[in-house]
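Heads up, what comes next is one protein chain in two forms, each shown on its own as structure tokens, labelled structure 1 and structure 2.
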Structure 1
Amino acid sequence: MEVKLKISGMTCAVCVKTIEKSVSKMDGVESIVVNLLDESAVINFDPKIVNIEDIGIKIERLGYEVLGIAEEVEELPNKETELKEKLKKIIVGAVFSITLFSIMYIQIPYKPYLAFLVSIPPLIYIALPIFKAGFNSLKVKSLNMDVMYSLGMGVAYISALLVTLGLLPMNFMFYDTTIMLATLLTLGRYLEERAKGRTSEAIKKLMGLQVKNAKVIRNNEELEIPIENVIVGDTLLIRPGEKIAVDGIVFEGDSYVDESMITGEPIPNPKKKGDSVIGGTINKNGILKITAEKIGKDTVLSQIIQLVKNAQISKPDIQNLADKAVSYFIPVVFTIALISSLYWFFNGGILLAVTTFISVMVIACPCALGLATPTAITVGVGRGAELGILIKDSKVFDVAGNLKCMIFDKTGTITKGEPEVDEIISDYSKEEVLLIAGTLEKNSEHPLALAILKKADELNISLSEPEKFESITGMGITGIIKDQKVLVGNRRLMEENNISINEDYTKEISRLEENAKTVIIVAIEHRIIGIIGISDKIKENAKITVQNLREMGIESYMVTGDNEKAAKVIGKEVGILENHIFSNVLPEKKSEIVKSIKENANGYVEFIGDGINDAPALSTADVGIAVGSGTDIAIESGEVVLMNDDLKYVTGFVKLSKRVLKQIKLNLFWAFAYNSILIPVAAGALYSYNIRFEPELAAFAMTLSSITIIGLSLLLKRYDPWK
């Protein structure tokens, strides 16, 4: 069973590690993935052994608040309330910090006692929650950011108290420093929360597409009802400018529909009777009446929202680097703080030792390390969704860095997947050939069968029912029509049934294949009566896509069940090398070819196909890319779904995934750089040059590191892979 919990109180990557480590040890918990950015945990567990209440109690004992099941709390305005409360604390803290700072530099009687009294309200209101969080973390033996900050502020405040008691000189009076540190930490978290909120704007946009009310026609009366009350089969009325409420089929009306929010395609698509429409898209000019086919969680939009959410919380392998660093980070920093303060105690005095300890403890922030990967993934996956590139698993970013091969399926991927009958060669009339072939093919959903049926329909041929029908995958179909055995399929089907092809037909078959046409042979009672040449046009951007991939160092391959000659003609036209073309491949053999290419690729391999028929090959490749037009079949296949059939989205995905990977690496670099440079400075490495890092400046630098990482990730929101 999988449940997503919303958790409040996590402040840094150490919190993530603490929860994951503790909960994963519980009996019955199979896996847990905690997301700092999303403030959630996705937990897989066996409900026969442990229940979600026990898991929640365990998390709360670690010092965090479990807000509940994600679906039940996401709509609550908790985040906005938290932000307002933080802002109030910042204002209060700033006022008291300035007041305490001023007291330090004015000559008044009983100054230490006055400063002590002034410090108490902000200490309780702003600093106490941080001390409490730090204490809770210590109780479960976790050294998180609150512990570090509590130690820094605690040392400062105790020093000030000792001054008030007359045990230390006045220059140890750090009341202002304590309150300023608490205020700056709160400011940092406020800014961080605001920035983090912007990283998931794509999800909010998608959720904003969902319709709340729908206009339905029941008993010849138009009613506006809540979307929850729409049922499958309802008739919905959509006027110009209105959003389509659910997935459905047009049964009346013509209009253009803006589907850019789903497919990324900016040009509206014409819709007429029989066409599918997707919920959340916008009817542009005409009135449409549709029959509701999918509602609620079954709609394409709902599935996309869920898939994007899942992808945003998944962790690529590169995250392991940050996780490993975080687990050592705070103990190492704590050691540096102790050693450096001891050094300065003996070489500079107790005041220098105390300020050094506070500065090192305050500047040590693993937040940036913890945010480096999830912020880039959240923004990158969201940007992909806006472009019509649906990324379902963040492992695609691990692959992006060393992608070497792109394997294309032919029909429906490189070609349009809308084959048409071009030629019929027979001693019979073409109507007679189509009558026989169509009667058998009417039971098939294969694109070639649909082409034959379409041609038969154009010629007004009335098809009958076969007495027997059998589909043979990768070859064709057989059946009985009027007590005669009929075969409709490729050359291999004829060979398997020992049907010879005469010289005239052999020449015609070769000619058709050399012109990139698929040949369907029709035979009755072991005698060929005709051949049908079927063509499928190459997609507009197929050639430039192969060329762009080559320029990026990615070799293109093509796998098809079609004949060798036709495959080579198509491959040559789009620029795929002849030795990279695999023809006459049965569907179940495609995955073996993908596996073979993987073994020799010296890098990662991606397979791109048009849906469920290519599922084995999609799952065998390092990354499977399904091309579809918003169909649920395409959504179920592969780690990536291109919601638009245009192949330029292939290069769009490759460029986007490489850009996100680059951003993750850049974020990690800056996260490490901040700490690698500033921790030694805070520890006094530059004291000999009179460069000191005061605690307040250290707190500001800590805040800046997290803000920098989030800001860099937000740049992905403006990334356009086609510019």
Structure 2
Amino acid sequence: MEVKLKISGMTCAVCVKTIEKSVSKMDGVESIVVNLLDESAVINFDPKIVNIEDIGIKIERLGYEVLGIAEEVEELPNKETELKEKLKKIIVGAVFSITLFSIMYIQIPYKPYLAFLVSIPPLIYIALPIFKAGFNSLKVKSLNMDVMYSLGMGVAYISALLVTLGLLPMNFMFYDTTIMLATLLTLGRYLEERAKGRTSEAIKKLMGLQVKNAKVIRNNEELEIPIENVIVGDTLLIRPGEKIAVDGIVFEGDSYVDESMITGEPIPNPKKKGDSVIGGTINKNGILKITAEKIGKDTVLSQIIQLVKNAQISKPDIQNLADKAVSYFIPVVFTIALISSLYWFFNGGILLAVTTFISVMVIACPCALGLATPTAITVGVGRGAELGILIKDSKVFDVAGNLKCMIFDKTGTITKGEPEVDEIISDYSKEEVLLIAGTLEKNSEHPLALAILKKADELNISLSEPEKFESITGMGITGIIKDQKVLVGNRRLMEENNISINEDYTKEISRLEENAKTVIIVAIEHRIIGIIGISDKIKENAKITVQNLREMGIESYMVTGDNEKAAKVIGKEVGILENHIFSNVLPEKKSEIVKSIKENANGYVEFIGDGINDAPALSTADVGIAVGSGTDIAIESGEVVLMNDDLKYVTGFVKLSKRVLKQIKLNLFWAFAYNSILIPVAAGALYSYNIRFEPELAAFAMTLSSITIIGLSLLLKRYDPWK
């Protein structure tokens, strides 16, 4: 017997081994495989010798918590054999349907008895499971589609039996209809299941990125070990063309890494010492040595897989509508079937009444309705994952229809978030100013200091050590270099130290500030020797994104902690209206601004930020979009994570979510269209024009409606939001 237990509390690969070792020693346990990733253990045991409770107790004794038995062990091969079994039924059903159909139209003796005998094997093999399912759902008082199929088929078969017993005339002999219905129903389900399998291909693809073995270096020896045995801190060796096994940091080597499967970014990224790499991405040309940072379910890839799985089963509001519709649908259809057959009983006789009843019951299969939303969402979320757009909650599709505002965080979202030195104004040479500023700033962690150090590094300036230094929060740094007092900082630092700024520099400082640049002043011995203008560059696609959103009827807003001047300049440059810019906003006030925009917007509001300090704003908005820089993603905040910080992915996401919503609506339309057109026809609305709807045709139409919806949803797989 095989049982899957859910276990919590495991944190490392040794925990896995511990449980496996301990449980496998129990009498009667044939095998146990523990999976750290989905926190479960699949145990094969002999129920005559040991029971699952004892195994659970054993695991709990070790200190782990057994959460219970997981839903049946899901295994892909089972699914495939199930599909094969269905296909067999379809073929057998088709052969018997044709035989029975032929019997109806040829003249042979004892026809009713022969047909009855021929109908028995397919009745048991194909129709019985459907009857059983219908009966089971009746037992739990639910009127689902199995009930409807069973009613339709049951009525047909009983009338055929009555013919065989000689109680009804020959043209009531519906043996062939019953079997054909069962066959077509099975065919419909077969096709649905195959399509559903295909919609989760995205997940399979992601899972395929997971590496099974890793090459680690332990005690100067290269070993190939299973991925589960890699521990944090291990040194991993990745050769060109190989997949990177886990998330880590490069400590030796240079190479290009193809991260397209995670970030959607098609161009390989250069990686050198100190850069992070993501598990599942492909090393292109050089040998890399990395230190494992995250393993198992903590890796970006496992989290993505989990997210996509969760999103695919989450239900948007629009699904509730469909669910409700189905529950009303069945009684309504049943009533229509009864009334119309009663009508035809008095106006056309029993044969017509029976055919009508069967036709209506069968045509009104709500399965297309049930499929409409899930198929669109599964395919849409999967497509998003392929593009590097992770949709965690399908409520984004409800919002997509009436999206009015997109609120951008400035630093790191509209701008690159990496300040750069772009102007140095001085009577001295650039190098001299950088040398002095850099020597002091070497000891600072401030982003502006990093910008200066980066520039100094670019120009190959070798920095010396300051004799003394002190940093003054909010102003800058002071220190002593070569016995001279040096000040590096803002205007206030100069004022505090009574250093006057001459007219030329004052003018330049204003000019830089008007261009949204931060100014750093460098002074030696009370004399200003130069100023450095530092700016945070606007992202390439910022302007076009704001413009594209506007064309879609979405207004862009910006919130930032920066000063008003800088905010306005940047806002203007990317095309955000001046009254849509909120500057000097403290991080904790961001969510209040989002709230007020939300109250005034005549629709839904989305907030986009880089995650960590934006979490309250992200959750206040109707939909929060977290922009990741690929590796360091704030996966918890927001409903959507963009794996790439290129802003074109914002429009990409908006377009994709709108497209999915459209697909859901289209699917629902088709599901209802089939029913609302065909139910009246089946009920006999057109009998007076001599148009009849045969039961066989009804079953076929129903299958067709499901196929239409699946087919339309699958079109989403090729959707390109940027075309």
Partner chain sequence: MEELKLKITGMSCQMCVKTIKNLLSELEGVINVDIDLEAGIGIITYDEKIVNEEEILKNEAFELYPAEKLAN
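Quick note, the numbers are simply positions in structure 1, starting from 1. The term rigid core refers to the most C-alpha atoms you can superpose between the two forms while keeping them within 1.5 Å. If you're wondering where the values come from, they're calculated on a predicted model, not measured in any experiment.
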Can you spot the form predicted together with the partner chain among structures 1 and 2? 2
Residue 294: with the rigid core matched between structures 1 and 2, does its Cα shift 2 Å or more? no
Would residue 85 count as moving between structures 1 and 2, using a Cα shift of 2 angstroms or more after superposing the core as the test? no
CA of residue 50, rigid core aligned, shift of 2 Å or more between structures 1 and 2: yes
After superposing on the rigid core, how many Å does the CA of residue 533 move between structures 1 and 2? 4.8
